[in-house]
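One chain comes next, on its own, written as structure tokens: the form predicted alone.
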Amino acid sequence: MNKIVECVPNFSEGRDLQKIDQIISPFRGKPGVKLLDYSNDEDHNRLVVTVVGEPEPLRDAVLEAIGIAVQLIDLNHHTGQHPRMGAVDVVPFIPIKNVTMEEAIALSKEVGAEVAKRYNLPVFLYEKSASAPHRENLAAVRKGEFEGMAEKIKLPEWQPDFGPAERHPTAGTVAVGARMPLVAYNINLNTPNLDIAHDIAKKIRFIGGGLRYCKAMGVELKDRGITQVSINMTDYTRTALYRAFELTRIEAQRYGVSIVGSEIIGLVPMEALIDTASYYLGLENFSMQQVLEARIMEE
């Protein structure tokens, strides 16, 4: 591939394996498109897909997958720990190779317009593609979720960028945009008390006075009898993963709670992990140029 764009669409289905297989099918066996990863979480009831490709083949595959999800998912019967406003909740495009952010923004707008046209689905542009500053933050766009969007979308400041100013009866709405690579990073706590996880999330996220480029919320993992601080690191080059881990550990101490593990959802840039490993190992003057795989991949 000469030009490479990454797309990480999130679908509101994490339990029905047959539906999941149908949704990801457009990403398989297509020239110019490569399915890198997909992960479904039953507690979150969410599917996260990571796919890369040339702009045009990727666009077509994403549009096809969105159509399948709109047909299969009815949010009137959807429950899960993760906030959601649409059957296809968010569709970010990330420039990877020989693609500028401006090109990724143009691609996101092209997809957004086509989604509205094909599926009569209201589309909000967010992050770098946002049409207004108050629409940049996905959390602000999604606030109210599927249930509250029926009224929210009628407000003048929340008219969709594409499509009808009316929530789709079963598929809700969708956010489409372009952004930097994001790391979905979850930290598990040895307590079933969701209030504690919520309080810690409020302390570490930027909007609550915590870490820049950190979004966080508390989540209950019922099957395991524990809770989780679910984190999105929106720029790992400026706020490292180890800072989120350490601040969570410090805040958990006040409740007598400890960390039992952490997880990364989907794919992660090598640099994000190397940075954290370098910190915990106390490496001096270490750089990515010393990573074997990084040197091999150089052109």
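Keep in mind that this is a model prediction, so the values were computed, not measured. One-based numbering along the sequence shown. Here the rigid core means the biggest group of C-alpha atoms that line up within 1.5 Å when the two forms are laid on top of each other.
Heads up, the form predicted in complex with a further copy of the same chain isn't pictured, but that's what we're talking about next.
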Heavy atom of each of Tyr242, Met270 and Glu293 within 4.5 Å of a further copy of the same chain in the predicted complex
yes
The one residue among Glu64, Asp37, Asp235, Glu56 placing a heavy atom within 4.5 Å of a further copy of the same chain in the predicted complex is Asp37
Classify Val33 as contacting or not contacting a further copy of the same chain in the predicted complex by the rule of any non-hydrogen atom within 4.5 angstroms, answering yes or no.
no
May I ask you to state whether Glu263 is within 4.5 Å of a further copy of the same chain in the predicted complex, using heavy atom distances?
yes
If we define contact as a non-hydrogen atom of the residue within 4.5 angstroms of the partner, is Arg118 a contact of a further copy of the same chain in the predicted complex?
no
Residue-level question: is Leu17 within 4.5 Å of a further copy of the same chain in the predicted complex, judged on heavy atoms?
no
Quick one: find which of 107-115, 204-212, 148-156, 180-188 has residues within 4.5 Å of a further copy of the same chain in the predicted complex by heavy atom distance.
180-188
Need the contact residues for 101-124: heavy atom within 4.5 Å of a further copy of the same chain in the predicted complex, sequence order, or none if there are none.
none
Can we say the CA of Asn190 moves by at least 2 Å between the shown form and the other one when the core is superposed?
yes
Examine Leu281 after superposing the rigid core and state whether its CA is displaced by 2 Å or more between the shown form and the other one.
yes
Compared with this form, is the Ile96-Thr276 Cα separation smaller or larger in the predicted complex, the difference being 3 Å or more?
closer
Between the shown chain and the other structure, the Cα gap of Asp41 to Val183 differs by 3 Å or more. Is it closer or farther in the predicted complex?
farther
